[in-house]
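Taking the form predicted on its own, here's one chain by itself in structure tokens.
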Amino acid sequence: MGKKVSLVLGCSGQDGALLSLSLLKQNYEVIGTSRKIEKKKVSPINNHSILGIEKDIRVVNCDITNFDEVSYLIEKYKPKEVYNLAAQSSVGKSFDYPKETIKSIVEVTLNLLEVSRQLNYNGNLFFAGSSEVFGNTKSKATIEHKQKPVSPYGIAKQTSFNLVKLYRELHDINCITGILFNHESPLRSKTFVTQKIITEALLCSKDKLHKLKLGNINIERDWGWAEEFVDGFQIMNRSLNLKDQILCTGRKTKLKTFVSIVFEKLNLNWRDHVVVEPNFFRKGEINTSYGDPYPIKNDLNWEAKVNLETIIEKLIEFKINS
């Protein structure tokens, strides 16, 4: 009997690369797609090289916004599991490129669902959702929490969530959405503020005159560790009772606190180096975003255990040694 096959759409990003590594360790054959491959960049899979899996994962060229190519992909490889992690993932960029963002999320979701319906695909599909669908959360968000997205990215993820739910209930497709709150690792794109803080803080440790410019440092987020989250993806996707879930820590932390911990780890006072720049404030910014971790703990015994201080230590250590 051959290996079980998993298809990972968006295999080159933080989550896709970490998920691919985890699947390979479980002796799955991993087929991956990446927008970077489609754009024919020279060194598209840096995260695979960092993890040492560049020779173990099969990355195929597929335009996943094209229905026929997605259909061919499913028919050819017959994956037991599909993980859709592909998207233009920057909330900020979604305001500048709303069409690209919505297409990369909604069209791909619909393609996968319709292909599954037409082919009578009986494997399991996991879709990466986002806490951005909720907008501001005055209390810990559950899956039933009112959705009020405030960005094109959030709106696209909300549409994807609703499509997945519709196809599961209407067509009995084995599909679920994991609504993901913030989760970090050294593989996180440098466009995210957490990576900017780590990088700039290290520059401050070398140059006492260097300044880190940030926008609203009073926003609150729910930060977890990405390796734990990709374990959650798989637990959800292999559950006998497929249902949408929230993956989070349940702990909210101000960005200012994140900054202060980073600088403290480097024996610096953040107030000596951080400049709050009004031009960096985002219109419609989500002030508070955190989730309720108990439903998925009760249903599937998954929980986020790595605390924020440990996450920051891991990020700093990697950056210093890289």
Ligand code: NDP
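Each residue number is its position in the shown sequence, starting from 1. Keep in mind it's a predicted model, so treat the numbers as computed, not measured.
We do not show the form predicted in complex with the ligand, though everything after this point is about it.
A.B. asks: For the interface check, one of 137-145, 210-218, 234-242, 84-92 should have non-hydrogen atoms within 4.5 Å of the ligand in the model of the complex; which one?
C.D. replies: Careful reading of the contacts points to 84-92.
A.B. asks: Which of 255, 268, 261, 64 has a heavy atom within 4.5 Å of the ligand in the model of the complex?
C.D. replies: Among 255, 268, 261, 64, a heavy atom within 4.5 Å of the ligand in the model of the complex occurs only for 64.
A.B. asks: Is every one of 7, 117 and 177 in contact with the ligand in the model of the complex, taking contact as a heavy atom within 4.5 Å?
C.D. replies: Judged in the model of the complex, none of 7, 117 and 177 sits within 4.5 Å of the ligand.
A.B. asks: Would you please decide whether residue 154 lies within 4.5 angstroms of the ligand in the model of the complex, comparing each non-hydrogen atom pair?
C.D. replies: Answer no; every heavy atom of residue 154 is more than 4.5 Å from the ligand in the model of the complex.
A.B. asks: In the model of the complex, does residue 159 have a heavy atom within 4.5 Å of the ligand?
C.D. replies: Flag for residue 159 set to no.
A.B. asks: With the partner left out of view, is residue 100 within 4.5 angstroms of the ligand in the model of the complex by any non-hydrogen atom?
C.D. replies: Result yes; residue 100 sits at the interface with the ligand in the model of the complex.
A.B. asks: Any of the heavy atoms of residue 130 lying within 4.5 Å of the ligand in the model of the complex?
C.D. replies: Contact with the ligand, yes.
A.B. asks: Pick out the residues of 160-196 whose heavy atoms come within 4.5 Å of the ligand in the model of the complex.
C.D. replies: Result: 180, 181, 182, 183, 188.
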